[in-house]
Every structure is written in C-alpha cells, then in structure tokens.
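Next comes just one chain, in structure tokens: the form predicted on its own.
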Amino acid sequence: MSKGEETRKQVLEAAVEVAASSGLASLTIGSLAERTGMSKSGLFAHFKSKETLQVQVLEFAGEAFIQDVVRPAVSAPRGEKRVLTLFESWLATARDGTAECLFVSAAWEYDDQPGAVRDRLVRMHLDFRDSVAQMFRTGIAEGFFAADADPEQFAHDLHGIMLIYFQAHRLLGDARAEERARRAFSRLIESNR
C-alpha cells in the first residue's frame, strides 16, 4: 500500500468512527481535518466535497461489513450452517463494531434525504438484503429449509431481529439482548423448516 493509500485508509477509518458516533450528516471535511490533524486542503484533495466524503465513508464501512459478515457466511457450507454463520458474524459486528452503528444511524438520517448519499445507502441495503435472501434460497434448494419458505421474508425478519438487537444492546443496555436475539433467530429458523 502506498503512503497516499495508507493515509486515505487512516482518514476513512477516523471518518467511520466519527460518523458512527455523531452521524454521517455531521461529518465534514473540516471536522475530519480537526480529528486527523490534516489540513482541510489536503482532505479536499482526497474527497472534493462533503457528499463524496460521505459516500466513500459508506463504501469503506460497507467493505468492512462484507469482510466481517458476508465473507465468513459465504465461506461456510451451504444451508443452515451458512445462515447461522451469517447471523453469528452479524451479531458480533453489531455488538463490537462501528460499521453496523453507522448503517443503522445513516438509515434514519437519510431515509427522507434525496441525493447520492441516500442512493448509495439504499443500494447497499438492497444488495445485502438480496445476499441474505440468496443464502437462504440456496438452503431451500438443498433441502435445509421448507420448499415453500420465502427467502425475502426470511431476509426481512432476520434484519428485524438484528435491528432490535442493536437497539436493545446499544441504546437500552439490555444485558439479555444477545440472548433474546439468539432465541428470535432460533424461532425464525424453526419456522422455516
């Protein structure tokens, strides 16, 4: 990795942390310059605008989410094991990571804000939903789940479990949030056998 690429990576890591804690909309080239000790002009040379910065932060966090959640699942055997690996990886990321925090908060920030940031966020959510549905669809085809199970409904329900887990864990400080998420996931699996 070149020095410029390494600097860009460090800047994007800092930007993800800021956006995850303060919101993507609050992220500016000026606030990031302050956080990283870089000049505004140096950061502007990398990103050109606040909107470009925000989109690149989403993409950087999305790459981390794929690495931490999707790739382990795709590497697992097809069927129930793959879906379980997806859940466990997602749960660990939601519990310990910043990327999940960023995507949850950005969804609320940008749900009614037209533009490139919202468009990219929507595309990322749709792509992930489709990936979850496809993993489940493969499990149906291989006999792990009922032939009449609905992959899109499964993806929807799993996302609901993860959103309420995130809220219970992060906002409410519920010590039993993970236990409750695991029970809900088990029921979801059982209802699709």
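Just count from 1 along the sequence shown to find any residue number. Keep in mind that this is a model prediction, so the values were computed, not measured.
The form predicted in complex with the DNA exists for this protein as well; it is not shown, and the discussion that follows is about that form.
Residue contact check for R193: none of its heavy atoms lie within 4.5 Å of the DNA in the predicted bound form. Looking at M38, you'd find a heavy atom of it within 4.5 angstroms of the DNA in the predicted bound form. Using a 4.5 Å cutoff between non-hydrogen atoms, G160 does not count as a contact of the DNA in the predicted bound form. When the DNA is considered in the predicted bound form, T7 lines it closely, a heavy atom lying within 4.5 Å.
Of the candidate stretches 45 to 53, 148 to 156, 125 to 133, 163 to 171, only 45 to 53 contains residues with a heavy atom within 4.5 Å of the DNA in the predicted bound form.
Residue I29 is the only one of I140, I29, A64, V70 with a heavy atom lying within 4.5 Å of the DNA in the predicted bound form.
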